[in-house]
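One chain is shown next in structure tokens, namely the form predicted alone.
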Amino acid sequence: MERAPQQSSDSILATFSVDLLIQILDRVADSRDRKSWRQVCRGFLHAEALRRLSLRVLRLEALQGLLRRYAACLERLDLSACPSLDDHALAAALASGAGLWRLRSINLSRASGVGWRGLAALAKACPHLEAVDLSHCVGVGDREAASLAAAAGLRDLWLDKCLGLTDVGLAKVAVGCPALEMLGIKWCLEISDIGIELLAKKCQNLRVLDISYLKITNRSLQFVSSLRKLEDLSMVGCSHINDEGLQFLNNGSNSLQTVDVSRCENVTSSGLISVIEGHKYLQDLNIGDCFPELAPLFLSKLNYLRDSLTVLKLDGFQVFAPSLKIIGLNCRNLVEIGLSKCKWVTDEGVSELVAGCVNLTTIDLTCCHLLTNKALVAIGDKCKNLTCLQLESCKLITDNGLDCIGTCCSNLEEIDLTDCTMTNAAMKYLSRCSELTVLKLGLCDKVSDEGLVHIASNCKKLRVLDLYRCFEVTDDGLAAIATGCKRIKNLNLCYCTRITDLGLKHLSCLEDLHDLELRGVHCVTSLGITAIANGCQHLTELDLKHCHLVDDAGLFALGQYTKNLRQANLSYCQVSSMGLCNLLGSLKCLQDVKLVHLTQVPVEGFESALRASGGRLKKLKLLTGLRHLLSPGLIQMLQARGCRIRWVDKPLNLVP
């Protein structure tokens, strides 16, 4: 039996076998506890390495060392947070674990520096590779696809927005990877019917296929209809597909369970009827923003799916009360209904719907402006298992409606009340929902510290809190949230103008905080930002736009402590060349930065800072006036490494 590496002779830990340590580790569920566990001693670290199946690398410089430690058992590797990853770095990392690889899945999304050489090394080093994600790698094209085709056992492949991919590259993948079960080629605009035809012939095991926004025609659906194992088909925004194409799916030769034809502007109810008639086991149907009004025949055909349909999304339609009554009668197993931006949705219609669909857990009523408290009373009375309720811009709903939801829907996990006329009373009612994880209160300008105290008192699981333009919230409210909701991950405080550095000091104890938005919080200075940087070291996104009192001191703190920061908006901050260079040079994970109206930074400062970023940036926002002032070589270098530059057409005012 293997023993843990020797500790001091008098340590009881030295007597534990690795097998025993692994059994102990298996009983540690929380990721933070597991991290603390492996820091106890080298024996614990060794046992954890033997049990580690997945790894997400946040900094490229640590990659080789981590792979040497974990390669023996690692099955899933996520490198999406390493923007500067290129062929050389990937090949070197793979070589560090040579002969030990059991890797089955790798996420390389947005790693635009990875090309065909790196992917060839990956396919060679990892013979058991089954899943690869190259989404948003805009430089990936046919040669990279050919390299991936060497991974014959590949089952899942995501190539969304790989703009260089054509029918030739897709053909290479189809021929080389006949076992493919899941494929995403969304936004691969050079793929045509020819590529889809060969794909359908060679990859008969496909279960999930996303061809959204491709310029394909009805012929592609004819080929897709031959995939007998296909369960999930997404073709969002395929403007050249119409009812004739959907009729090919009526042959019943496949086992479709999910169909998404949202934003297909040439599809009508006639084509959707064909899909329904051919697939009586359909579970998820999204037809949002296709045509204006639901036809009676389509509604009646939903009865074909009465035993199977669980998700129905009708965003953007005109939906009258009789239509919702028919849905309630014909789709009694629905667990999710999407009515976002649907016109003519009334209290009567919602009441008819929930009377039949009592199993609903997710209801999206965003921008259904006619709804009042009566609709919420009906939902609370019938939908006891409700977990998600979207009510953005339902301005006729008041606090009293939330009283019923808070009383009857104790399992509620997510609610969106953005732009609703809510007060602190509504927060008191919602505080009964102890399972609440997402609370959006943007533009609820009557919610104050008192309301946040109610939420903090019982909603201990809260992870996302949106207080956009909640002008009455002060530092005291943030103190309550920081004390009662310690698991907050995303916090939006944009334009909460009464918040000061003291409020940020309260928030600095939130160790799980990843996303903090402080746009327009004018009273915040670098002292507050330093407190956040020092206490919230897992921060990945930070918005400081219009924080005019933030200067270089704040940026130096961010550069020193927030090593995982990936997105930053510094527009209108009073920073200099020195602070900007330090930040962009220090943060190895930074991928997306907005640098508009930095009036204290000269052209030379922008030039130096962008070169200091080391080509890691994937998105960059600058004023148009800099386009002809920055050196062409710098711009070409950034774009060659996959950086998309957005030029903002506003006046340029820089220091001399």
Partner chain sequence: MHPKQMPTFEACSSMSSESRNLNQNQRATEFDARETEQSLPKFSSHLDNSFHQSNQAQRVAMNWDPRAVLNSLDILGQKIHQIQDIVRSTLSDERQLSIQPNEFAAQQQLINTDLTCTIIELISTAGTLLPLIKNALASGINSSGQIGGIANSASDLDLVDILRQNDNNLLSEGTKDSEYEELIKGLSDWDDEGMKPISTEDNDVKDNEDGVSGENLPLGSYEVLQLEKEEILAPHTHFCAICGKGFKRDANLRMHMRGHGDEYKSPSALAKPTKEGSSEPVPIKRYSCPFIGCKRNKEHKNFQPLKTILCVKNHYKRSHCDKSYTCRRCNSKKFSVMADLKTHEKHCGSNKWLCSCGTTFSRKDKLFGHIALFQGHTPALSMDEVKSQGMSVQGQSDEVMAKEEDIDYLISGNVIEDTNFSGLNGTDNDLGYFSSMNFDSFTFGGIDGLQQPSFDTSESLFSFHK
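Numbering follows the first chain given and starts at 1. Computed from a prediction, not measured in an experiment: that's the story for all the values here.
If you look for the form predicted together with the partner chain, you will not find it shown, but the lines that follow are about it.
Enquirer: Just one of 561 to 569, 231 to 239, 128 to 136, 161 to 169 has heavy atoms within 4.5 Å of the partner chain in the predicted bound form; which?
Expert: Flagged stretch: 161 to 169.
Enquirer: Between 372, 418, 437, 192, only one gets a heavy atom within 4.5 angstroms of the partner chain in the predicted bound form; which residue is that?
Expert: Filtering the options by heavy-atom distance leaves 192.
Enquirer: Note which of 291, 298, 471, 116 lies within 4.5 Å of the partner chain in the predicted bound form, where distance is taken over heavy atoms; exactly one does.
Expert: Checked against the cut-off, the match is 116.
Enquirer: Though only this chain appears here, would residue 202 touch the partner chain in the predicted bound form if you measure heavy atom gaps against 4.5 Å?
Expert: It does: once the partner chain is placed as it appears in the predicted bound form, residue 202 has a heavy atom within 4.5 Å of it.
Enquirer: Flag residue 377 as yes or no: does it have a non-hydrogen atom within 4.5 angstroms of any non-hydrogen atom of the partner chain in the predicted bound form?
Expert: No, residue 377 stays farther than 4.5 Å from the partner chain in the predicted bound form.
Enquirer: Given that the partner is absent here, does residue 88 sit within 4.5 Å of the partner chain in the predicted bound form, heavy atoms only?
Expert: Result yes; residue 88 sits at the interface with the partner chain in the predicted bound form.
Enquirer: How about residue 519 - does it come within 4.5 Å of the partner chain in the predicted bound form, if we only consider non-hydrogen atoms?
Expert: Residue 519: no, not in contact with the partner chain in the predicted bound form.
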